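Shown next are two forms of a single protein chain, provided one at a time as structure tokens under the names structure 1 and structure 2.
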Structure 1
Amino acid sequence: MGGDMQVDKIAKLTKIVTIGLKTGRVTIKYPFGAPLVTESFRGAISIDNTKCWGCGACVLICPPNALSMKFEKDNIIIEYFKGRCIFCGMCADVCPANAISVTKEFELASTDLEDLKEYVIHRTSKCSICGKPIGPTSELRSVIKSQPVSEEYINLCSDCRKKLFAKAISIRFGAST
């Protein structure tokens, strides 16, 4: 009787062998096998240069600061650094121009840091009166598109715009120019 129980116990332990044999090999011959990721996987983002306005909404929302904005003399540069990216896709959610799309790209290893960086460069528009930089040209263009009456003031910086507006009002009330 006791012997039988002993046999049962040992028989139970060996079941792991059956499970293992039945399952077979589960490791995949990476990178030659089927794709590793499912359809909803979020990988690195890609920014469409032609659609981007350079508004900077993505830079503001980005939790790890993977997106940053640099102001140079004539340009505004948006830098995307994949090394910091957490692949959350918040930037794609907030982008007003739908310029950012989330790709399935995840094999990003590289020996060169520059490979992990992407740039979107925008020309800066300058105030037509005082010459102060006022923002990316493409953003101003998209504002004109959505607000047709805005082109009169669009080339001015906020200070010059205020001055001009105040002047227009005061003339209306009889002040001398």
Structure 2
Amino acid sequence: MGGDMQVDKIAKLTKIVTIGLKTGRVTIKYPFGAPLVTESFRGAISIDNTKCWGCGACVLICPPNALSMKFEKDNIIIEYFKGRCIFCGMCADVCPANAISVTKEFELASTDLEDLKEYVIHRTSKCSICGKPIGPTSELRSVIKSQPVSEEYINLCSDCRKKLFAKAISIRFGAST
């Protein structure tokens, strides 16, 4: 009984060695060959600065907070930190401007963390009445393009817009100003 098992093991091993010798080497030492990346593989994202509105939808949906948004003086800065990205691609799915695409890039080794960061900088528009920041200029342009009726109120913050609207309504219904 024990001798039969030994023969079976040797026969199996001989079969594997024979197949290996016929097939030859199937792997290539890294990094001398192109990595095996399937069609459905998701790598790091790429943000097209010319398409991005700066709406922040990508920042809100990002599970590991690889995307963040900060306000500095007259700018809104979207920061993408590849070191934190899990390559889920949810940001690309929700981007209304189609500014984010998923690449097949996954080799992110670096000795400097700053090499793993990308920035998209948008200029902030301010309310034409009170001067309060209202949002990225590029986003406002996109809103005007898609909703031309909004041009009258687009350069106003929500508070000034409400006051102006309330004043217009009160004038319409005969209230004294």
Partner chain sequence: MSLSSNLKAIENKIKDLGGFIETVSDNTVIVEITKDNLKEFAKWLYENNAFLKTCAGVDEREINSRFTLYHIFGLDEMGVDVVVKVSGSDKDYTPTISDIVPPAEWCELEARDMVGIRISGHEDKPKFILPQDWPENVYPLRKDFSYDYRPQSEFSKFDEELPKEVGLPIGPYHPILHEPEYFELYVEGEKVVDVFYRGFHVHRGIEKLAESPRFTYKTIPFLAERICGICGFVHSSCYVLTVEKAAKIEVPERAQFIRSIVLEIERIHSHLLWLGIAAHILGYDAGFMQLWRIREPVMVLAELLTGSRKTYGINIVGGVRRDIDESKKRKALEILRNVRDEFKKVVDVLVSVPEIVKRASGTGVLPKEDARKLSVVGPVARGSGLERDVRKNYPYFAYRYTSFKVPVYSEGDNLARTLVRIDEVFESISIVEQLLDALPKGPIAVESYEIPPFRKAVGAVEAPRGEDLHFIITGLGRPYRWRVRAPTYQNLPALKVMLRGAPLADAFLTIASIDPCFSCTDRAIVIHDIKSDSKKFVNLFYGRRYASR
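From a predicted model like this one, the values you see are computed outputs, not experimental measurements. Every residue number counts along structure 1's sequence, beginning with 1. Rigid core here is just the name for the largest C-alpha set that superposes within 1.5 Å across the two forms.
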TODO: Name the structure that is the form predicted alone; the other one isn't.
DONE: 2
Task: Core-aligned C-alpha movement of T18 between structures 1 and 2 reaching 2 Å - done: yes
Open item on the list: Is the shift of T27 between structures 1 and 2 large enough to count as movement, that is, does its C-alpha move by 2 Å or more after the core is superposed?
Closed with: yes
- [ ] Note yes or no: does the Cα of K9 move by 2 Å or more between structures 1 and 2 after the core is superposed?
- [x] yes
